[in-house]
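Presented as structure tokens, the chain that follows is alone, the form predicted on its own.
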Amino acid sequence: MTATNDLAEVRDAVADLLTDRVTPEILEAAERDGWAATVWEPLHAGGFTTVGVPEAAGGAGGSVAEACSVLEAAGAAAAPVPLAETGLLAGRLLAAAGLPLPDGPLTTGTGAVTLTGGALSGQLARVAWASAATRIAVLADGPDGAVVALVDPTTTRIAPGHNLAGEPRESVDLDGVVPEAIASVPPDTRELLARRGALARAALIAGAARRVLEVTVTYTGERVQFGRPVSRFPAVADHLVRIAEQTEMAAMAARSAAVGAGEGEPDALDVAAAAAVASEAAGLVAAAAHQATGAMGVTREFALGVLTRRLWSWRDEWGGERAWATDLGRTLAAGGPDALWPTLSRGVRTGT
């Protein structure tokens, strides 16, 4: 199990790397161009893009918690690059299939895709950074079960699209595409991919929420009305408390699920809890921050909107609050009343 101090060091290292590289100008250009190569390159050179992918598969190695620490820092910086997709998602998907890890940014997505006669058919919806990726890892249904297919994006038809934050979320038409490589995977691979996707978004949310807290506290502490900082007005102070509470809840839930996974796969119950908590926190944090900052919070020159638009977008990806809360409730109900407390209190962990 990775020590708490080690995880903090990973977050700090990525945060330091991104501090002067993710600027308002870079973010504006990324919304126009699709991504920021100047942000990707130092992360890739430092080995941060494939943390959590086994070294034997061509990754940087490390635990799921270390990978999520990277994502927390990326979320706080609003880094416009496919870190989650390259490492925890596509990277581990390819590793599970025993396929080599290509160089450069990777991505994956979900959809009804089949493999017949060596060619794919079907579409992937809302794929993150499909156009910027060097390869797409596609999970498909083959004649003998689930397979992972490695696809060159230039052989597909990609329809543009974006989430609320301006990050690419594109449709990929795979009809007739012949993969570069194909390998069989266990039948639960789709479920495991969904868990990693939800956990990755929870980690990004935790990081962005932390930065929202910092930005809001700073602004309300410096903004003076009627002779005192607005942060000292009870209504504003209440918003700051709510942001702090929800930020800590999101971080604790995401880190606990990540630490519990070790170098393996995150537990279904842990992920459901983390995703539900983080998705709910995203909405509450964004709302409270905008209420505390007023009109300033929605201006383009202020950092808040860049972060809250991501919170609103990420909370609905890879499941969202309602889906994961429903899954969590069903799992707990299926265990019966005698198993409820032992399940809730099992293996109490600290992932901070």
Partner chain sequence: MIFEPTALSADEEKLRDEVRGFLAETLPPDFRPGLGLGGRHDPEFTRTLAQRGWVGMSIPTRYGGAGASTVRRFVVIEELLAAGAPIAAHWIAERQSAPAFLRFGTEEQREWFLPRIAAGECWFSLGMSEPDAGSDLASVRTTATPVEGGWRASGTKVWTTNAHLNHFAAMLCRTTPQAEAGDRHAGLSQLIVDLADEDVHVSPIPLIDGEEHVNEVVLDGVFVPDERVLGEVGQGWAQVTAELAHERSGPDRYLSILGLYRAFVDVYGRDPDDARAAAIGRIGAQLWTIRQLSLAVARSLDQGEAPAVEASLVKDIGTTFEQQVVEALRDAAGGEIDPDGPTMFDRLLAECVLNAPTWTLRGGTTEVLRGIAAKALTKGS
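Note that this is a predicted model, so its numbers are computed, not measured. Residue numbers count along the first chain shown, from 1.
Form predicted together with the partner chain: not shown, discussed below.
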> Pick from 91-99, 128-136, 253-261, 159-167: which stretch has a heavy atom within 4.5 Å of the partner chain in the predicted complex?
Replying inline: 253-261
> With the partner absent here, would 19, 76 and 111 each sit within 4.5 Å of the partner chain in the predicted complex, counting heavy atoms only?
Replying inline: no
>> Please determine whether residue 38 contacts the partner chain in the predicted complex, using a 4.5 Å cut-off between heavy atoms.
In response: no
> At the 4.5 Å heavy atom threshold, is residue 304 in contact with the partner chain in the predicted complex?
Replying inline: no
> Does the partner chain come within 4.5 Å of any heavy atom of residue 265 in the predicted complex?
Replying inline: no
> Using heavy atoms and a 4.5 Å limit, would one call residue 245 a contact residue for the partner chain in the predicted complex?
Replying inline: yes
> Out of 178, 241, 224, 183, which one falls within 4.5 Å of the partner chain in the predicted complex, going by heavy atoms?
Replying inline: 241
>> To verify the annotation, which of these, 147, 215, 192, 249, has a non-hydrogen atom within 4.5 Å of the partner chain in the predicted complex?
In response: 249
>> At 4.5 Å, heavy atom to heavy atom, what parts of 319-342 sit next to the partner chain in the predicted complex? List them in sequence order, or say none.
In response: 322, 325, 326, 328, 329, 330, 332, 333, 336, 337, 340, 341, 342
